[in-house]
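Only one chain is shown below, in structure tokens, and it's the form predicted alone.
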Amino acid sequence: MLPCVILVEPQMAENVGMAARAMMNCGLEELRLVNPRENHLSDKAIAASSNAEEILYNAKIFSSTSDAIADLNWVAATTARHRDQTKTVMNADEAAKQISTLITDNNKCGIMFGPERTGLRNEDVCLADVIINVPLNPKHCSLNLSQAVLLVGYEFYKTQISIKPAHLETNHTIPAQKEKILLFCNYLEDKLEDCGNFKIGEKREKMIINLRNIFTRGQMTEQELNTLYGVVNHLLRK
């Protein structure tokens, strides 16, 4: 079970299309539209959806916000403005975690987004269980409709997937063993010695340490080592 996205009185067809695209990016499937001003199946909307038109074709149309949320157990209203209402306010990350927990217990959840120009009305917000407020630059916290859907949708999507920690992508090679890296360092130092690079004896040790730091701290691969050997050999021939 996934939360549905509810667009209340969206004004522009292409924004609905882009919202559908954002939903598809985040694995969301169900779109509900409350009194859309333009045809959500127009050419503009389909083009803006960028191959997410399946969501548009399956979208449900409602005449009121209360009808759109009637079958839901829990609803969040997204807004950047302060509302004079007693309501729990969450950021998107907190809301995503709560939605994930709720749907695990078979609760039907929805996230409401308001019209592009004005956002949700107080009459819509009062129907929600919580408010989602994304802390942005207070001097400019306005988001495009599809950006808002993507931002909130992505926070939910992260609760549904296993995210890899930071790692070194080596593609068709493997990380070089320290032994091979030190062999290259010895090779380079010998060549530099032959070229007279270590003229000042008291600075030799410090220079070698600096060189070895360059090559031992960078998670060097075997392919990169082979490339360096090739470069050094080419320079020596010149």
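Residue numbers here begin at 1 and follow the sequence given. Just so it is clear, the model here is predicted, and its values are computed rather than measured.
Another form, the form predicted together with a further copy of the same chain, is not on view; read the next lines as being about it.
Practice problem: Pick the stretch from 117-125, 141-149, 100-108, 69-77 whose residues have a heavy atom within 4.5 Å of a further copy of the same chain in the model of the complex. | Solution: Going by heavy atoms within 4.5 Å, the stretch is 141-149.
- Task: May I ask you to check whether Gln160 falls inside a 4.5 Å heavy atom distance of a further copy of the same chain in the model of the complex?
- Result: Answer no; every heavy atom of Gln160 is more than 4.5 Å from a further copy of the same chain in the model of the complex.
Would you check, heavy atoms only and a 4.5 Å threshold, whether Arg81 touches a further copy of the same chain in the model of the complex?
Flag for Arg81 set to no.
request  = Decide whether Asn25 counts as a contact residue for a further copy of the same chain in the model of the complex under a heavy atom distance cut-off of 4.5 Å.
outcome  = Yes, Asn25 lies within 4.5 Å of a further copy of the same chain in the model of the complex.
At the 4.5 Å heavy atom threshold, is Thr216 in contact with a further copy of the same chain in the model of the complex? Close contact is absent here: in the model of the complex, Thr216 is far from a further copy of the same chain, nothing within 4.5 Å, heavy atoms only.
- prompt: Taking heavy atoms and a 4.5 Å limit, what residues of 82-97 are near a further copy of the same chain in the model of the complex?
  reply: Result: His82, Arg83, Asp84, Gln85, Thr86, Lys87, Thr88, Val89, Met90, Asn91, Ala92, Asp93, Glu94.
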